[in-house]
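Presented below, as structure tokens, is a lone chain in the form predicted on its own.
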Amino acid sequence: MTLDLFLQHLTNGISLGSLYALIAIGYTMVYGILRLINFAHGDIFMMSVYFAFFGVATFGMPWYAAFLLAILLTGALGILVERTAYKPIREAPKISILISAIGASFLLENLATVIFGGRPKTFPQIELFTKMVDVGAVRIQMLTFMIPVITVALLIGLLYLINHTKSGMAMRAVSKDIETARLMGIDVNRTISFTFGIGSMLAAVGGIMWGLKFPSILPLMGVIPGLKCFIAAVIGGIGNIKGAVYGGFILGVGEIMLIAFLPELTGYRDAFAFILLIVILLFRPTGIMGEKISEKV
């Protein structure tokens, strides 16, 4: 493999890893506070792509306005899912919450199929993102450069929010002990909804860039990316935001390099993520940056 080809694959891997990282952050934020896996997160990611698609293709909105509206609507959808599927049974056994999460996932998938139709649609392509850039002998799409930059910028903003604002302080307090946070005057319900909203908005950014990178969209498009991003969160250490980002990059680069060096294994690309998950759970169950935590009762 030539150096130029290696660089091409590396940039593609970093770009894909950045998308995984953005979506994985939502999983890890929710788990960090509630110790539950939001299995509807991949479907919220899917809905964001449809919101952006209809904003541009059906309502004729400028792409930047449609994308912003899609991000806000997705944040609101995340809060709605939390208020209807999780809040009423927050004190119930963990298995009940897990079943509710799976039910919310199926509901969103089938609702999207009924409303949007089961046929694949083509996400609008925008010249700013699709134009090619020459780097030496390598031609790389502008979007490939932009995705990691956007991911890093959003990560910095999120870390600032968590570490230097009152809302972030409330999130950290709730993640440590919900009852103690409530006794200290923190509005726990509002904090949890805020966390779901932020995680869903980050997933929306990832979803929009996913639509630009992989233009074919359909109601079940969030299933495999959702599972892979959950795996990325586990690899990095679920509950740790930086760990989720590292896990996303590891998974994305690993996938691309696998098919680059071993093209005969292209059909096993998705299996790579699950094999990596098994290896991580065997040798480091808490993930790369995870810490041992006790279950809340």
Partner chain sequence: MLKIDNLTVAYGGIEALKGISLEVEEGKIVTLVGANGAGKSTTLRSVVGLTKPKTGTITYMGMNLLVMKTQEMVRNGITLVPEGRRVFPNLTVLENLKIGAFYRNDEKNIKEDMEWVYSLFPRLKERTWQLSGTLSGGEQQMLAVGRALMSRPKLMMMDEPSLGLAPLIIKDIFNIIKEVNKQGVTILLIEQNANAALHIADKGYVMETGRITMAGSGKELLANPEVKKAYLGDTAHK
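Residue numbers count along the first chain shown, from 1. Because the structure is a prediction, the values reported are computed rather than measured.
What comes next is about the form predicted together with the partner chain, which does not appear here.
- Contact between residue 136 and the partner chain in the predicted complex is not found at the 4.5 Å heavy atom cutoff.
- Although the partner is absent here, residue 119 sits far enough away that none of its heavy atoms falls within 4.5 Å of the partner chain in the predicted complex.
- A residue is said to contact a partner when one of its heavy atoms sits within 4.5 Å of a partner heavy atom; residue 182 meets this definition for the partner chain in the predicted complex.
- At a distance threshold of 4.5 angstroms between non-hydrogen atoms, residue 163 is in contact with the partner chain in the predicted complex.
- Only one of 218, 152, 173, 76 comes within 4.5 Å of the partner chain in the predicted complex through a heavy atom, and that residue is 173.
- Checked against the partner chain in the predicted complex, the candidates 146, 227, 169, 80 yield a single residue with a heavy atom inside 4.5 Å, and that residue is 169.
- None of 201-209, 187-195, 127-135, 219-227 except one has non-hydrogen atoms within 4.5 angstroms of the partner chain in the predicted complex; the exception is 187-195.
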